[in-house]
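So this first bit is one chain, no partners, the form predicted on its own, shown in structure tokens.
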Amino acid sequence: MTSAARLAPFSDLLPVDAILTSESTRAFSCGGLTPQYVLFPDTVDLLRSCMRAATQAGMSVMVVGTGAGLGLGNAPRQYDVAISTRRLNRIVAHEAADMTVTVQAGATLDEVNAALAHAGQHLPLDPPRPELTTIGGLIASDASGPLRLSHGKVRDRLIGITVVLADGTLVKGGGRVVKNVAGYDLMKLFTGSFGTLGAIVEATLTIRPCPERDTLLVIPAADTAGALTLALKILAAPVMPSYIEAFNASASAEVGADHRARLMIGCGGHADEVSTQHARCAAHAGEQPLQVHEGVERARWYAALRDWPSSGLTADLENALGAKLSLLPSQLATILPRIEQEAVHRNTRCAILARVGSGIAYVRLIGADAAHVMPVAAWLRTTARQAGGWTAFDRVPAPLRAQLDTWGEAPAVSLMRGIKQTLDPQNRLSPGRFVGGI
């Protein structure tokens, strides 16, 4: 096959260095499927043309940024073309006085915050690996991190969005000022849609001043239940931490600490405010030693908390099952020790990070016999459901990925299918990757 034939039908749209083919596309594999093409348009108009050409050719498209999030979600049913937003990475507008920023979807969170830093501002969203997480990927996956407790999720900061649909149509919602709330439903619709409805190409978000002082408190605990119980007490106290998170003993060992559970509390703001937070946390900690970390050591612990959901499976990857549990915060102290006990019963190592204030827990079961992964997954899902919660699997052994539904049953799935049919009637965008096989 000639070079021109390999690059068709996109050779008339993009230069050769903006099209990957053959072995070069393997870095963008998803669910065992590898695309024929990976495209890197550097303008919105070119992305629209690429989207239109691909769908008119009957190809299935996945919109990606750096490709770091391709392990999430179900495996797609078909995957022919990856369209990367990575070259759409400009800061379109930074309104420092209004505390908003408009940015193209391919800019990473680290790049955005570097641009805002000169004004003493930041975008207070902290998903895992911000150096690889693009703004478009952040919105499409609805990813969050420790700061979710104090600053909310991306949906809470999003005030404007621009999207390209499968047929190349450009649609916009919201605006560039906080008081403009028109189109909010469109922003809500695309947040967490995993690329199944359209390609996010631009977003406007509210930003915040950087804190004057930023510290991290570490309180060791006898066990997971003890750490979670203390966390709930502090959450009920007049402390208002930036985040409050707990590692169980196994997860603590993974990040280089000693093998015991610990509670980690972020305190940020004016210097006197942070000092008050320290005193109140110490009063609740009682006889437990309270370690205060700032500077480099704070940054190390904070990065461990932030990135652990994506890096907390450092060994035995073939026999690892990862789950994200969403529960009421009050349920965590009951459910997570039960999961630890079940892991012992199944001769499996269990590592846990709990985002206590948000009711989120990342559970890693490592070393389970592959034949028993499905029963363990069913037990986890049933246990969370009985507590009124939800389970999504974010790490599944490769041989079992086609058998285990990442999302499980979801309410209003028929409504979601109707929206998919309206916006992507030919089912070209990430088919099968989202809830209910959408």
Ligand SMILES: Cc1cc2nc3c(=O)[nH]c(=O)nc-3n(C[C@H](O)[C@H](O)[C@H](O)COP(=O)(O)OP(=O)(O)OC[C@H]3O[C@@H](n4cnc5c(N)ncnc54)[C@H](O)[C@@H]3O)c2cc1C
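Counting begins at 1, following the sequence as shown. Predicted, not measured: the structure shown is a model, and the values here were computed from it.
What comes next is about the form predicted in complex with the named molecule, which is not displayed.
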Per contact check vs the named molecule in the predicted bound form (non-hydrogen atom within 4.5 angstroms), the hit among 331-339, 263-271, 216-224, 123-131 is 123-131
Checking a candidate spot here: are 137, 310 and 364 all in contact with the named molecule in the predicted bound form (at least one heavy atom each within 4.5 Å)? yes
Distance check, residue 141 to the named molecule in the predicted bound form, heavy atom within 4.5 Å: yes
Would you please decide whether residue 302 lies within 4.5 angstroms of the named molecule in the predicted bound form, comparing each non-hydrogen atom pair? no
Is the gap between residue 67 and the named molecule in the predicted bound form 4.5 Å or less for some heavy atom pair? yes
Test of understanding: in the predicted bound form, would residue 395 fall inside 4.5 Å of the named molecule by heavy atoms? yes
Contact residue in the predicted bound form, from 228, 199, 244, 353 (heavy atom within 4.5 Å of the named molecule): 199
Counting non-hydrogen atoms within 4.5 angstroms of the named molecule in the predicted bound form, say which of 327, 239, 72, 207 makes the cut. 72
Using a 4.5 Å cut-off on heavy atoms, what residues in 77-94 are near the named molecule in the predicted bound form? 85
